[in-house]
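Take a look at this single chain, the form predicted on its own, given in structure tokens.
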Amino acid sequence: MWGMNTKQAINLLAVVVVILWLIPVIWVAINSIKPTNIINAPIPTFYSFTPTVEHYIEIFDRFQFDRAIFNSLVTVGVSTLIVMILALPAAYAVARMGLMRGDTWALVILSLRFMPGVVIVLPYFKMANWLGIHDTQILLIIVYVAFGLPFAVWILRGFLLDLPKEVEEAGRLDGLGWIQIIFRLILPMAAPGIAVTTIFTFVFSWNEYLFALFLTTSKATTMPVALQKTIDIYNVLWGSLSAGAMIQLLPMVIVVFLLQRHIARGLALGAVK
């Protein structure tokens, strides 16, 4: 072990970090298939038990998790799509179109995200009641777009600043307009950065709890709020909570898997010019 070179030591450290990160996930996964009496035993058992799917059945039958899954997929999917459609031209305008004090504009845009959600949830609640859209998917989509757009613009601006300007200049010489340059030239080159931004936007909205808790009651309840129902004043249903957590984790794993080839390039973009 002491004869390892630097690369091997870094790889070993990475493996250790991954294992430490996976231990809680593995524990939750095991609890999701562990009988309730084993979960509540004084001495936890890690492997000597008969697996069961009772918690997955309960999370759907008792807590209507199917509705929560549908609401989360619709609200988060639509809001993420809208955010990315709006963020790309906005980030391009701030990064490339010579706006006066571009850095200042970028900071102003990001500052819209500085305000804590607990401060603005009450105005959202009052406006939703006045407009008659409380407890609807439309309301959550509007809120998630408003809250996710500044951060997406900020991230995309950083990626766009590191793209070569010569390609855009060649496009303008060929008679392309700004919109054509964005979607025909910038979009393919910025694909890694767009993928990373999409993942961050999706994950932030997918795990969002505060707005979903205050702005929904039953019809538009999302998965984080549905999971909260497994905890009451007297008891915690650890099995159902673990089963719901594993279901909630699955879409994020799928999104990252589908975009994984862009993630490494996107995170490294701008590190070396």
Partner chain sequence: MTVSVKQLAKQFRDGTRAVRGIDLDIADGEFLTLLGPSGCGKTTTLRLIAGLEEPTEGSISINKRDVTNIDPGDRNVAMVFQSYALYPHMTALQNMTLGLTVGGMSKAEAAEMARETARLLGIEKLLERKPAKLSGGERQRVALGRAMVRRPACYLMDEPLSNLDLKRREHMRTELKRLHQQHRVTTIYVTHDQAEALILSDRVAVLNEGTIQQVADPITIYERPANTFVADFIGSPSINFLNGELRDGAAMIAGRRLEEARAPGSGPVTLGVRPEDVILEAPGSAVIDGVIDFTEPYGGVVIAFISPQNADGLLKEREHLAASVDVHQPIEIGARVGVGFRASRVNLFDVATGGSLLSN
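Numbering follows the first chain given and starts at 1. Nothing here was measured: the structure is a model prediction, and the numbers come from that model.
Keep in mind the form predicted in complex with the partner chain is missing from the figure; the text below concerns it.
* So which of Leu107, Leu173, Leu131, Val119 gets a non-hydrogen atom within 4.5 Å of the partner chain in the predicted bound form? -> The residue in contact is Leu173.
### Task
Just one of 147 to 155, 75 to 83, 198 to 206, 178 to 186 has residues with a heavy atom within 4.5 Å of the partner chain in the predicted bound form, so point it out.
Among the listed stretches, the partner-contacting one is 178 to 186.
_How about Val167 - does it come within 4.5 Å of the partner chain in the predicted bound form, if we only consider non-hydrogen atoms?_
Close contact exists here: in the predicted bound form, Val167 approaches the partner chain to within 4.5 Å, heavy atoms only.
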